[in-house]
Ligand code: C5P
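Here you get one chain, nothing else, as structure tokens; it is the form predicted alone.
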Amino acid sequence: MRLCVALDLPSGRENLELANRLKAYDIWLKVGFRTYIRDGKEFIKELKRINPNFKIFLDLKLYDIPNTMADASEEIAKLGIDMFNIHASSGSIAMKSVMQRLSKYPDRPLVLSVTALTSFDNDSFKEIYEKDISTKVEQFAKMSFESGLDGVVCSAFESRAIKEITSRNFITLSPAIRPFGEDAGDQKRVATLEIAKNELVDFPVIGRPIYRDKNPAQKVEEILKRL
């Protein structure tokens, strides 16, 4: 397992301060919608200046027509990030278009697809997709695997089943991890670190339990000891 810390604080300054406090650790950092829209490419450069060994996961969840997604993916590849994501519900043509476009980059970033957002419960998910989460997530995961993606974003509770129908090496990245049973907040399908480990999650994503702690570095230290 590799820890991925979500940089979801209200300002770029606060996120950079957090990154500075964690610069001694071999971790991944998640840069999401709000942060990237507000702080842009320069923010990613700043993170790399703090620690060139930081790995960056750009969490923009691309969803558009295939050619537009491929164009955007190529621009993302030029940023020097290490992993990004797209929506599996964009379809296999779009996913294959992205991977084909990135094939010319020998050091391309890893590409994951989003199966079901962890803010969904089964009823709200079914209202949109007309199937249970577990059924549709496995369908999306298999489609992503067959389209050549590197893995999926999923709940920790779906990780093991996804690996069983794809490959043990197919990456699973799971948000909504509350390492020591912290409050779920706006997430529905949350899991502890122990559950994530048992379900073979490769990348647990942890945000609020770290950046809301009075000593984020110590909290990361505690988490890394559990991985």
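Note that residue numbering follows the sequence shown and begins at 1. Source: prediction; values computed, not measured.
The same protein also has a form predicted together with this ligand, omitted here; what follows describes it.
Asks: Of the listed stretches (89-97, 144-152, 112-120, 70-78), which one has a non-hydrogen atom within 4.5 Å of this ligand in the model of the complex?
Replies: Going through the listed ranges, the match is 112-120.
Asks: Using heavy atoms and a 4.5 Å limit, would one call Val205 a contact residue for this ligand in the model of the complex?
Replies: Yes.
Asks: Pro209: heavy atom within 4.5 Å of this ligand in the model of the complex?
Replies: Yes - in the model of the complex, heavy atoms of Pro209 and this ligand come within 4.5 Å of each other.
Asks: Would you please decide whether Lys30 lies within 4.5 angstroms of this ligand in the model of the complex, comparing each non-hydrogen atom pair?
Replies: It does: once this ligand is placed as it appears in the model of the complex, Lys30 has a heavy atom within 4.5 Å of it.
Asks: Should Leu3 be classed as touching this ligand in the model of the complex when contacts are defined as heavy atoms within 4.5 Å?
Replies: No, Leu3 sits far enough from this ligand in the model of the complex that none of its heavy atoms falls within 4.5 Å.
Asks: Looking in the model of the complex, is this ligand within 4.5 angstroms of a heavy atom from every one of Lys23, Asp26 and Pro216?
Replies: Not one of the three qualifies.
Asks: Listed by sequence position, which residues of 45-60 have a non-hydrogen atom within 4.5 angstroms of this ligand in the model of the complex?
Replies: The stretch touches the partner through Asp59 alone.
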